[in-house]
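We begin with a single chain expressed as structure tokens, specifically the form predicted alone.
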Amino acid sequence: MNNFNDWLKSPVANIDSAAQEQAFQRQQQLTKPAGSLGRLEQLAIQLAAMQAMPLPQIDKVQITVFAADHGVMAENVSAFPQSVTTAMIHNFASGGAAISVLANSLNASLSVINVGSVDELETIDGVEDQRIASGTNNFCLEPAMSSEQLQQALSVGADHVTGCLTQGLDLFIGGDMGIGNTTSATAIACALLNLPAETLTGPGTGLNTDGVKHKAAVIEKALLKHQPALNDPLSVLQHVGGFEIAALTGAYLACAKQGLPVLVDGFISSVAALAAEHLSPGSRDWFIFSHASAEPGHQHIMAALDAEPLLDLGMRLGEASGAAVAVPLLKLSCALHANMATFEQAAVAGAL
């Protein structure tokens, strides 16, 4: 990225209203009562506007998982040890993780990018090394990262999307991996939405009631410490963010600015989407929200983004798994839209 500030200020792409109207009119002509396929119809129209094609398609899907560690783990905010981040990076690469199985089943491309594991990892086939530092700082004591590190993390995500676009894409899905990252994501959401930690904090990897209360107290302590600096979304990401959340935010911004539809995963990914919308208003037009996370804060983020997730399966795994599960719905929506007969083609008299 040649000039980060100019890129950040650049506008998001416009959706294609002409293609949207053509898709809407086609839906009125298909052999079914108008609106009878519900959100499947709406998805086809939305994708047509995003892809600037009356007949949208979901053939080439890119799934990218950004991984990093978090200094706030020193505050005992997770049921799992920090070493799990590195173990899961290996698991993604070897095909054993949920998203690895889902990507393979969907015939989607899967990329794994290490933006900040605590330990410097050996070369791993299938893992791109973009490590910024040994995890973020403990944001209860100091800013999670420097402004330079934040810019680097945002650029990793943005440059990755730009590179993927040269291969031709219909849809981008971003995922996250980082033990402790629900703490960071919750802090970001609290700062952006001006809500208390106790309202948004959830169990993450499986904390009990006492653990959730402690986690909320840690977040509230950090928000109080950094409160004077939490006056814009970049500063929020710098002070209480994570490298992988910032990379996701950069990826979503690049999608919005270059006109690539995004299928957003769960809690962590939705916080990155919220940050992207705050940084570049209008980015939300390029986001489709895949599922309702079991994390309690997710509903508040969906309300802020005026979003209604496609699925509610009680999932809270992250790593893009919920978004991957929703891909077949998008594919079916496009197939119905393109391949159903019109009333004229089927020689059906009048609308149903």
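From 1 onward, residues are counted along the sequence shown. Every value quoted in this text rests on a predicted model; they were computed, and no experiment measured them.
What comes next is about the form predicted in complex with another copy of the chain, which does not appear here.
- Item | Per-stretch contact check against another copy of the chain in the predicted bound form, the hit in 166 to 174, 78 to 86, 140 to 148, 238 to 246 (non-hydrogen atom, 4.5 angstroms) | In short, 78 to 86.
- Heavy atom within 4.5 Å of another copy of the chain in the predicted bound form: which of 223, 110, 97, 132 fits that? Just give me the one. Selected option: 97.
- Message: Give me the residue from 91, 199, 155, 162 that has a heavy atom within 4.5 Å of another copy of the chain in the predicted bound form.
- Response: That would be 91.
- Is another copy of the chain close enough to 38, 105 and 317 in the predicted bound form that each of the three has a heavy atom within 4.5 Å of it? Each of the three qualifies.
- Task: Find out whether any non-hydrogen atom of residue 339 is located within 4.5 angstroms of another copy of the chain in the predicted bound form, and reply yes or no.
- Result: It does: once another copy of the chain is placed as it appears in the predicted bound form, residue 339 has a heavy atom within 4.5 Å of it.
- Task: Tell me, yes or no, whether residue 57 is in contact with another copy of the chain in the predicted bound form, where a contact means a heavy atom of each within 4.5 Å.
- Result: Residue 57: no, not in contact with another copy of the chain in the predicted bound form.
- Contact label in the predicted bound form: residue 288 to another copy of the chain, heavy atom within 4.5 Å: Judged by the heavy-atom cut-off of 4.5 Å, residue 288 is well away from another copy of the chain in the predicted bound form.
- Message: With a cut-off of 4.5 Å between heavy atoms, is residue 15 one of the residues that contacts another copy of the chain in the predicted bound form?
- Response: Output for residue 15 is no: heavy atoms all beyond 4.5 Å of another copy of the chain.
- Message: Only counting heavy atoms and a 4.5 Å limit, does any residue of 187 to 209 reach another copy of the chain in the predicted bound form, and if so which ones?
- Response: Just 205.
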